[in-house]
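The form predicted on its own is given below as one chain in structure tokens.
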């Protein structure tokens, strides 16, 4: 077998121009695939980091509370008991935080805007500081009551700066309107779509706005040691709370605000819990990842077809040029199987060398773009939740792409290799090229 491999390698070197042309095409497809995978994985990592800091945990224990059957609020009552139970029974948990949820009008002296209001204990969430870049003010001031963190776009729209007073107005669970005056403590850099409609206030300020008890919150965010266990933990928490006597809603993989219409139409009162994960809560954004992955698949398929046709044509030409050589090899005793394997080795070697070169090119491009901190257009930043392009190269995915493309080039060469092996020695030796 090693001798056949050497013959195949020698043949590639003999027909250098053809080898470079076809190998370059394979390298180009591999490099493109590595770059697209790096872009997709980078987007997913950026979205995961931003989303699981600003608006969701890996797994969430949320829900709705209804005083009357037609009026639901995104509230979880007596959350410390739930939190204690989860911490005790879920060893996969790394840490957990509570986060208030609300929808209100933010009013400045010049204008107003509808925003989602998050109640946060910023001292308990170090990840919050890592994701958000404060442009002015101090995030530490968010520990003080009646303060608010807003984003740059919101500050421009409301025409406010750090230290200005704005008013938050919202209806309470009992249907009465309530307001609270808050001071702008910090203005943070925009982080895509999430920063267009979200502001953050201390948890106690949010409870005062909605007139909630101290043991009430909007959701409990659960952060896991291993994100791959997300689905299992979600199912485990659902069963755990059901067994503990809580009423748990049927699984609905959508962000919580999409569920108000359904919940308000249902005839029940009291508390129902809703167990979701980060993909559910960010489903209105994660479609961009699916679209990019779909585009990657389509491009790869089309380019592989083009390369496949090229490989088949190249091998047809090679067989025609080397017909007498094949006849000689057959005449001195080389079996048909070994002739076929020789051509398969040639295609496999070409594929392996081409994909290796392409993977290295793709790796260099991904690392260079990531290191350059390339900015992205505002429209793109809304979806990837970052103002910079982030590419991540996964070694396993890269090796998988190399093996896949090499395997495809090898399989494509089966037909011409099989036909080459069927040549009769006498006919081949008398062939005039």
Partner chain sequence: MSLKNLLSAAAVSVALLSAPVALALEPAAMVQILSVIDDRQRNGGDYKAHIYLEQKEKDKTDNVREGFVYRRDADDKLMILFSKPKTEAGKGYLRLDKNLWSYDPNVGKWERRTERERIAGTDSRRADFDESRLAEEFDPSYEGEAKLGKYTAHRLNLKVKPNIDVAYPVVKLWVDKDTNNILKREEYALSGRLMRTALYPRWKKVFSESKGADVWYPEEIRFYDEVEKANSTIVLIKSVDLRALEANLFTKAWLESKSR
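Positions refer to the first chain, counted from 1. Worth saying up front: this structure is predicted, and the values here are computed from it rather than measured.
Separately, the form predicted together with the partner chain exists; it is not shown, and the next lines address it.
- With the partner chain omitted here, the record of contacts in the model of the complex names 256-264 of 79-87, 256-264, 348-356, 223-231, defined by a heavy atom within 4.5 Å.
- The contact with the partner chain in the model of the complex, taken as any heavy atom within 4.5 Å, belongs to 181 out of 94, 215, 181, 124.
- The contact with the partner chain in the model of the complex, taken as any heavy atom within 4.5 Å, belongs to 107 out of 363, 107, 249, 334.
- The partner chain in the model of the complex comes within 4.5 Å of no heavy atom belonging to residue 163.
- With a 4.5 Å cutoff on heavy atoms, residue 130 does not count as touching the partner chain in the model of the complex; it lies far away.
- The partner chain is not shown here, but in the model of the complex it comes within 4.5 Å of a heavy atom of residue 169.
- When the partner chain is considered in the model of the complex, residue 198 lies well away from it, no heavy atom lying within 4.5 Å.
- Interface residues of 145-159, taken as those with a heavy atom within 4.5 Å of the partner chain in the model of the complex (partner not displayed), are absent.
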